[in-house]
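What follows is one chain in structure tokens, specifically the form predicted alone.
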């Protein structure tokens, strides 16, 4: 989909929201309009480039200011028809050094996830029901790391709204499959299509988790979220994630994303 067409799509959504309804695109339903916006957001956030390499610093902060730092390398490769491969290698702290998380994502079906635990020399499959649990003790879930299927929720345009100096379209998503939330609101930026904020609500309708985009940088022509935070509003615990040395289209090979590589990680890509 071209950049011009994506802007047209946003314009339709904006007009519909301002009129208090949703004017469908020709040949499309209102729900498909909102889903199209979410799809563009997922493409911008999770699929930029053909592949990606980044150094990631993850800081876990308690309500009283205590901190724990995790540092890892993320490798991501796009495959055909929207599938992806992820390889996350933990450099520290010492208790998680050498731990590896690998994901094969697929459209319209459950993803495959593996966790390598070096102390046990064990490769463990992460069950689908565990994909919504905490990722290595952080406020992000396994599902937050590699994304959630578009079809796992229904989506509708709620309104347009300024978030700081940026203009957004607010989308409401309600799960049709198992999720750790009853409803989610997403503020999608109208130019970059990146999610600037997400609020997760429990079954009582109370917000319990908030995601924010704290920094966006241009990397090789791709608007990239280089700092993000997930906060548990009920406990006050939060996780800050900073992406450094981000590079796209680096030429990652298929051999990186294998069970063999879990036990023998590709050192040249982890420096």
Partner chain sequence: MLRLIIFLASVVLWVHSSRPISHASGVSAENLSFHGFLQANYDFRLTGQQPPNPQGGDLLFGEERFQLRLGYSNEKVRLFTRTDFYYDHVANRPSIESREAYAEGSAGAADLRAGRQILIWGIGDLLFINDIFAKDFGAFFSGRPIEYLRVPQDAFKLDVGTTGLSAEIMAIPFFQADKLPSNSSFVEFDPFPGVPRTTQDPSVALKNTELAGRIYGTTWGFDTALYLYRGFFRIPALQPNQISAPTLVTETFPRLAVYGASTRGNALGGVVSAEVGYYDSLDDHSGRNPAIPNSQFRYLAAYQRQLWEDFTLGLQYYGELMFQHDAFLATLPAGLPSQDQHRQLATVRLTQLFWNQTLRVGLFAFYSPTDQDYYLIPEIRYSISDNLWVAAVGNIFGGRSTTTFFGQFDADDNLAITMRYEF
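Small disclaimer: the values here were computed from a predicted structure and weren't measured. Numbering follows the first chain given and starts at 1.
We do not show the form predicted together with its partner chain, though everything after this point is about it.
The partner is absent here; in the predicted complex, the one residue of 97, 166, 183, 156 having a heavy atom within 4.5 Å of its partner chain is 97. Taking 147, 92, 82, 175 one by one, only a single residue has any non-hydrogen atom within 4.5 Å of its partner chain in the predicted complex, and it is 92.
Three-residue candidate spot 78, 189 and 218; no residue lies within 4.5 angstroms of its partner chain in the predicted complex by any non-hydrogen atom. Within this chain, residue 201 is remote from the site of its partner chain in the predicted complex, having no heavy atom within 4.5 Å.
Shown alone here, residue 258 lies within 4.5 Å of its partner chain in the predicted complex, counting heavy atoms only. None of the heavy atoms of residue 152 is located within 4.5 Å of its partner chain in the predicted complex.
When its partner chain is considered in the predicted complex, residue 206 lies well away from it, no heavy atom lying within 4.5 Å. Residues placing heavy atoms within 4.5 Å of its partner chain in the predicted complex fall in a single listed stretch, namely 62-70, out of 62-70, 43-51, 222-230, 240-248.
Contacts between 255-271 and its partner chain, taken as any heavy atom within 4.5 Å in the predicted complex, involve 255, 258, 259, 260, 263, 264, 267, 268, 271.
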